[in-house]
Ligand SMILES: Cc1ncc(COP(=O)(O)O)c(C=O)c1O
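Presented as structure tokens, the chain that follows is alone, the form predicted alone.
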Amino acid sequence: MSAIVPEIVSCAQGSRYNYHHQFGDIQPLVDDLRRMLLEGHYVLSAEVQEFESAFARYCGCRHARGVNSGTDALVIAMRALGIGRGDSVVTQANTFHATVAAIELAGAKPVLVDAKDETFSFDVDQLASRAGGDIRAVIPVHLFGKPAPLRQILDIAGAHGMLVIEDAAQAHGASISGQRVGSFGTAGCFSFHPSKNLGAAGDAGAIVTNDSVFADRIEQYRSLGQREQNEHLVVGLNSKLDALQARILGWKLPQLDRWNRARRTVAGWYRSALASVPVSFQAEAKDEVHVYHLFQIRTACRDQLLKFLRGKGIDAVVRYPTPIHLQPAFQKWGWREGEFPVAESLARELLCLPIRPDMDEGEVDFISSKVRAFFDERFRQQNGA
């Protein structure tokens, strides 16, 4: 086991994502990027179109349109659907800042629902009680790589005339009954931030859809509202997927399913190795494929465990320590502490353990042994041993 320690420490001090493993034999890609740089293939080039087509096929959708980031994907999707001032959009209280920020940036009002204790995911019962009125859309978040309960959300949305825009920024390749996330709603919005299961070498994003008219409107909104050069039909953004990033993403995409399978294997090792300690995990449904963008464990002594593991050179981290409704940026909406209790508990109790598709069982055993050691020591202290 001791031979594994330097690798874990190096991930904590340097790259926690091991980009060497993602790129493999990089020289053909470097040659391609050099050619693109010298030939001036920078904006909406053939490489962008090739990646858009490949990613649309991967998601099981007819269209994909690349943009600057996952945040822009959400904003542009809402604007292209006519969502703005006077509209409300429902999403969950335990999500990343960008989900709710995008609703505001589109000009709409965010409405929150809490999460479910077992799944850390969208509380559909609360959605049913909030539906109607000025609520135009719902944004379920496929958090940590686990699909949101889309079947129930789609039923409620359909009954109340609400659009469904999937925030799939953390769930590339996740699926329900064999159908990829992103393909269920009117739009699926993805981030290709370098930390994601499918990551660019910088910021990038995409919107997928089966609606051809909507896809055309996305193109306008990402290109300063233009349909043709200097013909501005709407007030749009300048948010196009960079051609170099598209080529990098196209290089990685054929490996994504293999990487996701490896992540699921690593998650299984963790679950088995930690079965005897007092932590809980994000529940999975039988018909879904969770792709484990993050591997979270839940414990009431999260902060103490974090300090212990970091002291051992293990790259454990806390994601989203302050829930959306308690963030200073959203004070104007009047959300109060205690309003979304599950989201608050998750913010206090979730700890993300290292997960990469290239991890081996020895690394997982080492990390898990330190988690067990923490709880053994805690038990001894509590019992005066």
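Since the structure is predicted, the reported quantities are computational estimates derived from the model, not experimental observations. Note that residue numbering follows the sequence shown and begins at 1.
Not on display, but discussed next: the form predicted in complex with the named molecule.
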- [ ] Using a 4.5 Å heavy atom cut-off, state whether F330 contacts the named molecule in the predicted bound form.
- [x] no
Task: V181 within 4.5 Å of the named molecule in the predicted bound form, heavy atoms - done: no
Open item on the list: Please tell me whether any heavy atom belonging to T91 falls inside 4.5 Å of a heavy atom of the named molecule, as the geometry stands in the predicted bound form.
Closed with: no
Open item on the list: Does any part of K196 reach within 4.5 Å of the named molecule in the predicted bound form? Heavy atoms only, please.
Closed with: yes
Task: Among the candidates T209, N260, T71, Q296, the residue which, in the predicted bound form, approaches the named molecule to within 4.5 Å (heavy atoms) - done: T71
Task: One residue of V141, L150, A201, I83 in contact with the named molecule, assessed in the predicted bound form (non-hydrogen atom, 4.5 angstroms) - done: V141
TODO: Could you tell me which stretch in 114 to 122, 309 to 317, 271 to 279, 164 to 172 has residues with non-hydrogen atoms within 4.5 Å of the named molecule in the predicted bound form?
DONE: 164 to 172
Open item on the list: Could you pull out the residues of 96 to 125 that have any heavy atom within 4.5 Å of the named molecule in the predicted bound form?
Closed with: F96, A98, T99
